[in-house]
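Okay, so we've got the same protein chain twice, two forms, each given alone as structure tokens, structure 1 and structure 2.
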Structure 1
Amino acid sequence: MELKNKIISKLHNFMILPAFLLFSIFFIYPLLKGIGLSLTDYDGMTKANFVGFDNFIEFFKDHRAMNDVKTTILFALGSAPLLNIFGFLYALLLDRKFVGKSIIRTIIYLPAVISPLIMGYIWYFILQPKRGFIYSLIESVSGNALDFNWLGNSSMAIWVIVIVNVWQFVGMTMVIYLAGLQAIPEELHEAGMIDGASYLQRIRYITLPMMIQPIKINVITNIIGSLAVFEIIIALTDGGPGYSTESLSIYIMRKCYGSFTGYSTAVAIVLFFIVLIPVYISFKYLNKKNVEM
């Protein structure tokens, strides 16, 4: 018996070796390489010189970079909660039986399969001042032209981007929540109804505790996606007006192509930890909730 357990243990270690090799090649090695590069003044062409933590110090002294951090976090604080709230509400709606449910589900999910860059350009033409579809529609309904540039206003543009992003990707969140709802045994809801629980009480005490895994998936993926936002901003505002809607991902790209490879790698390391911290906190909190329930 002991020999059998040793053989199984050896086979188990052997089976995880391919996965570990892939993880090492595509994550551990690039991460270590990036950390080493972030400590140099490498410009993509000439020999790299070790500069220590100068790149990180320069980053935290750069007002443009700090504004990009603020924009990135602000976008995530708007996008991630709205994606989860509306995704869950859509899932609750589509978990019911009614005519045309499949068509509505397809319409909600369809934008998510389109490239964010293409979708951003579509919304750019829709929102163009004086000649966009929305402006023409408001003018035809009210008789008055709307002389306001939503994407050209630094305080409004980021929230327009959040709304467009939520509209596009809420379908992906909805599908995951819908799969979780359909996995809940109907007997639990029937028992709750027999005990006199209202609809909202059944959601609180039956649905939500059974949805921890879908919630964990959606919260973590939406946090990562929101903090790494790139395409939708490039298409709608290109980071403007000025640098008011520039995200940290766009800042990294522009610095990298501006021959500041070492510096941009240091910023990428900072972004990695900006993403890692809320993901880790969310993961630990939801795991704790899962154990309690």
Structure 2
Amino acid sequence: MELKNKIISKLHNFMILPAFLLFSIFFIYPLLKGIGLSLTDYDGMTKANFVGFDNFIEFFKDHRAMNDVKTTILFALGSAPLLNIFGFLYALLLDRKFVGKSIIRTIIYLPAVISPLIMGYIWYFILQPKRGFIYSLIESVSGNALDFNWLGNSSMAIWVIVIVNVWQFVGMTMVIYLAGLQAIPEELHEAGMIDGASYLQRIRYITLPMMIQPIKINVITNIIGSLAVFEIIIALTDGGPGYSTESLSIYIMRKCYGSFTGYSTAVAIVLFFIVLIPVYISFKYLNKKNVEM
């Protein structure tokens, strides 16, 4: 009994352990093993041979991979800033009191509740040529068929994917900004108004400096999410036409299924660094801003 009580009174020192143990088994261990695999020619079946950095050298010579890097970065450059700008504007618009506020917020968040894969299929129906909803709408209203394929044109398709992605997740970014706006004390805005600051000036000098924390959360999660884009592209173009809208994540999955397992993990590690660099830079930059203010 004494011993049992003694053990219980010490237990709080180990409360992080169950979580860390599970995380070690299902995340850290496979991660370390994955880093090891990236240095081999493992094909998923036969024994793996150590090949050093060959996979990484191969990667930089791989035209399809280089194209996918370009697509992935282009997608993130479009998607992450647009999500933040629109998320912030939406939050400003919906922060004030008006009738039906919570219903409108729920409606705007609703798309983010649904799997990007299913949402992508729905948009595919709306946008697809000949049989799609927009085509039928234009055809039956104007009587003329519009012979243009949004998703079949490679330079156009990637921006359609960006717009669908922003449309779907703007509500999620908005909610974080709304939370930030609500944490700003009312008195600050009142003081600004008394000093004669205009609406835009108050946003620039009162709202923005107080929003560094939510900006940090949104910028970083959007960078990570955009660079790992996967489902929405599968559903809308399946990487096509050709490989023109294939993202790095999709390429990794296909190489992995296609018995280039060692190579696919090497590409995944490259993707990690592609994510790490912008996250690190924006983290440092926003922390500096936070201290300045």
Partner chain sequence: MKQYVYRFIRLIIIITISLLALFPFYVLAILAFTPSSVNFSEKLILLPNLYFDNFIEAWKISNIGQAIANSLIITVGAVTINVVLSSMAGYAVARVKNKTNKIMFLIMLGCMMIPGIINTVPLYTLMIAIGGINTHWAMILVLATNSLPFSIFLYSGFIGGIPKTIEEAAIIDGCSRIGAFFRVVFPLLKPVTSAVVIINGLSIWNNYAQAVFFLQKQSMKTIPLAISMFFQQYGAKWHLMAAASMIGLAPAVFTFIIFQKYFIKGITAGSVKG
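Residue numbering: sequential along structure 1, first residue numbered 1. Take the two forms, find the largest set of C-alpha atoms that superpose within 1.5 Å, and that set is the rigid core. Not measured: the values here are computed from a predicted model.
J.: Does the form predicted alone correspond to structure 1 or to structure 2?
T.: Of the two, structure 1 is the form predicted alone.
J.: For Pro18, what C-alpha shift in Å results between structures 1 and 2 following superposition on the rigid core?
T.: Its alpha carbon moves by 5.0 Å.
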